[in-house]
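Single chain ahead, written as structure tokens, the form predicted alone.
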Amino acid sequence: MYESMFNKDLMNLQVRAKSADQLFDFVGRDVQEKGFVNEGYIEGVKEREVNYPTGLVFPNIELALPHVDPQYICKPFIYVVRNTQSLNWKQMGDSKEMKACYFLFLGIKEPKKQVGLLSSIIAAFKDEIFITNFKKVVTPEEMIALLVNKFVQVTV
């Protein structure tokens, strides 16, 4: 079930990365130490982001959805990051420059389910009330409750 992808230990709402590389290293080490990914994850996610940028710009929020090929994933997850400063990023599709401080790192083992998850996430971030609540969340538990409530029908 979708809720199993959320884990309070994978909600970090006070990251202080100064660059995309620093963010990838931080998240990558964390998910590797917790057994969600294997050793190639960090380099894999960096390489994939260069080739296929994941930034999305909505009217009320800019975020990115970094993800990697399934061979690096041991257990499916969604790692939520709020960085304390906006980082330079590139937009999905056209690679235009943007800035983001919100990130959902997607650990997906079954690629055929990725499209459904991405479309559900995109739909959620078009909802102004959801975005307002997403930005206000303070604790990992609040974030899990918000996300599970929004995505409860999706299975990955």
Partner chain sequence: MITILVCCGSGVATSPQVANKINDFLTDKGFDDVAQAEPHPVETAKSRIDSNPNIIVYVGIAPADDDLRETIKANNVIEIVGVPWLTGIGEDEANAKVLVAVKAAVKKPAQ
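Quick caveat, the model's predicted, so the values are computed rather than measured. Residue numbers count along the first chain shown, from 1.
Below, we turn to the form predicted in complex with its partner chain, even though it does not appear here.
Chemist: Looking at 22-30, 54-62, 35-43, 97-105, which lies within 4.5 angstroms of its partner chain in the predicted complex, counting heavy atoms?
Modeler: Comparing against its partner chain in the predicted complex, the contact stretch is 54-62.
Chemist: Do residue 131 and its partner chain share at least one heavy atom pair within 4.5 Å in the predicted complex?
Modeler: Result no; residue 131 lies far from its partner chain in the predicted complex.
Chemist: Considering only heavy atoms, tell me if residue 90 and its partner chain come within 4.5 Å of each other in the predicted complex.
Modeler: Flag for residue 90 set to no.
Chemist: Taking 4.5 angstroms as the cut-off for heavy atoms, does residue 47 touch its partner chain in the predicted complex?
Modeler: Answer no; every heavy atom of residue 47 is more than 4.5 Å from its partner chain in the predicted complex.
Chemist: Whether 115, 122 and 126 jointly form a contact site for its partner chain in the predicted complex is the question; each needs a heavy atom within 4.5 Å.
Modeler: All three within 4.5 Å in the predicted complex.
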